[in-house]
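Two forms of the same protein chain are encoded below as structure tokens; each is given separately, as structure 1 and structure 2.
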Structure 1
């Protein structure tokens, strides 16, 4: 489904300022001071509340309110315990000296929101669910080095790895480590996983429980009466509303005060500065691993197999597999203009795919805006304007690209800047914008998702979800290619495959020397960047809008913003 100005018009029909009435209860609404409501606004609306079946940060944010991992990491990279009772170490016997196993002690007395006890069996089941091939979980990469997960007793879990694992602390931690309740999902293990009611109304151990969820629209939460710190919670009810656009979302917090929190604000700096004068709220930014980048499709999106699959890895792209063409694209893109016009202080130009933690940010790469070099490379590759129509061609094929992204003002303006630049070097670009709820959907049947990638280029943001970048760098391994055979659950949407890259990644998974491992990740980054397998553009700050009365939020780049929502309070 093609979107564009029509999509924006449709979204604008329902003003965001009416969102509270859309999710208000049927009974008369008591004064806000009595109800203690927290109003969350997501212009990219969540569509599923099972994080293991999702591709989108928006879904992880919504799920993280009710589901918890064993532990996570704060902004300094220090471990913070959730369902775990203590951090495994060599001293307490939790971590094996050769890093082949780790044993977690669990908190006792924790209950799921339906009153059933949380035990080690739930951790074991989560592993079995995520690694079941028929489930096709998107988070499986974190768990693939595991040989087995055992419940030693009700409150002890032992993870044994296939080989020494320097990233022993990743499974069951952070946003991708959220634990699922066995009793809610065990009947949906396997191919029926996406039919589980728990995907929409999950039972959790977190501070708030879901009482209503309309995918792509509204989620309503209330206090979880079984939460171990329920008496300290700041709110009785959470209303999460999706839809609209990032500018309207920011306005609802900063100017009208209709919302308390707005997520993922990709908005021009001058617009944000003006909104903050409204006095209702503030913008909070946090730089971390997020990189706005262009994925390059190595497969042919215009070839359809007899089974109806486009962008099949067996059919290479007619010209984007040529390194000189990719290099030309890179030289033709003006990162500095994109940042200065569209990001301001919330973005930094970057050449790197891996930018955080700082030790992994490669010093060996650079970027250059040089249309003359771009044109020369295309000439060398044999792409010339033989038809005198302003479009380069070769062997009867014209150099035309479809460039897609989600509906978002900053992304659409980025598209326009890039389109004009590529036009000057003889490349015609058709822009395609897709509603965010579709683009970032995990629906394998929808051809317009980010994973299906039925275009030549696509623009979006990614970043490693923990201080350990192994799973993030796994994105471009051959085994991660998203395709019909794995229900498009792989994270390698570009369909890039290089055995040399894969060998580096495999070596990183067993290298216990931190400095040597650091260099392996830098080598992987440099290979992607220098061969232009991906085009990093901007190291983006995570920018949110927050009502001035809300305190307690503590952003970390290694988990979703709602990770410590139990601590959020409203100041009188």
Structure 2
């Protein structure tokens, strides 16, 4: 018995550890019961509140509550002012006639949440911080064509570009333009940037200020007493909770009512419908630039060069370079079914590569689901089933495709639907799924990445992340082709190359007339779509679940959903 009790010692270790942990110090918090509280649920939890150092969009959502840019854009692409006092135009002299510089007037009397005044020096500092190589900010792309940023006076900032810039309105606007407080980050300029306390508890000019932040778990916000419209704020306290998965996040809003808001949901319509019967909340969608598309490999993934490179541009794809075959694929895919069964209200079938802002969404294109036409086109191209194995072939080549995408339930179902459709027209498809962290990795050594494209077709989503689509349209230019020679760093995964397209893109970069630029981008889109160089499937909405009593949301694809959180209220 004596020795038996010793063994119980081991079992006692567990309770002791957990008992100790219960005594661990926790920061004091005010009682939350009587306060007006908003509970935000992020299944992808924010891990840092300095957007310029973040590695993911979820951080922008959380940071945007407390940090503001000079201006942003609403769903129509119209400018909305935040820290700027007026929109720079040719008329008010803010914008230079040749678009080589822009001068912003700032709002006066704005204060950071710690009471320090906001001035032009903060804007200049943000520029210096973001462009400092040792800081290694992710948002630097927007600021690269700037020659200098100077404070003309305390409330005037002048940005001079290296060359005429039709996209002059991007720096310091939208989610990538959030202004950092100089006094909080000054000491941490350079390689020390990661040690800045402001990365976790930033001081901001926005409606709510961060009081507590546990990366990957919770963030607590309170009213910012210095905020311009503090009296109109709808809540005393915001509780942002992270973790879990998309479906359970929706459930917490729609069925149990434990949260008021959940973002970035991707849930099948049947499941959502069932949840909405809970009656606690509703689904709100915001259609933006995101297009779920199938990239077509124009190079041969099965040909390996002596250096071991697959999908090299020197070896064109044996049949996907044939326009008729690509058209056949396009006819064989049933966008309508994919949308109605897998996306419901959160997606719209589309034929276009560029869909937003609305003015850029080409009216000249269309899609059609027609397996007969698909089969006819394949016959015409000489692909017939000569050996009666159910698969078309030509010159001894079987029409087999490898179709890859990231691991994601909706994508796997899309894959299965497409596989079945292509089977009926005589094309065999092998499905391949890759963990998202690998598929979307830029690691040049891994053959399974989106850029290496060791398959015939691949499915993913992207879009222009500002109302200015120049960077996005650039992805199909020849210089962007991802190859071993550039460590697969280009964004042109399809390895499409067409000098006519390149010429159009070059033209768009110097064209200052907005109407003419619009036409150029539509022309580029039409080229890609009509020749089926890419198969756009679904224009995907950002879907959020919202408690029925919350009002005031105004979603825009060009900024994070929390951009107007000052207007959110709970209706009684």
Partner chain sequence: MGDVWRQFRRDKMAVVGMGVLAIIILSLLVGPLVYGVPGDEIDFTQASLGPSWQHWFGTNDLGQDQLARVLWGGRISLAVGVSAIALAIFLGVGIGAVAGFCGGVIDTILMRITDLCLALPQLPLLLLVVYLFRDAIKAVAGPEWGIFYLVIFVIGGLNWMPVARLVRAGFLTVRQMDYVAAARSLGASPMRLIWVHILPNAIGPVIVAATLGVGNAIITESTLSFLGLGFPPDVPTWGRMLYEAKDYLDSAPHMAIFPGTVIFLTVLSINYIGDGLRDAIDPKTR
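Values in this document were obtained by computation on a predicted structure and should not be read as measured data. Residue numbers count along the first chain shown, from 1.
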item	value
Structure identified as the form predicted together with its partner chain	2
Two-part rigid split between structures 1 and 2: residue 423, residue 351 together	yes
Interdomain rotation angle between structures 1 and 2 - two rigid parts, degrees	31
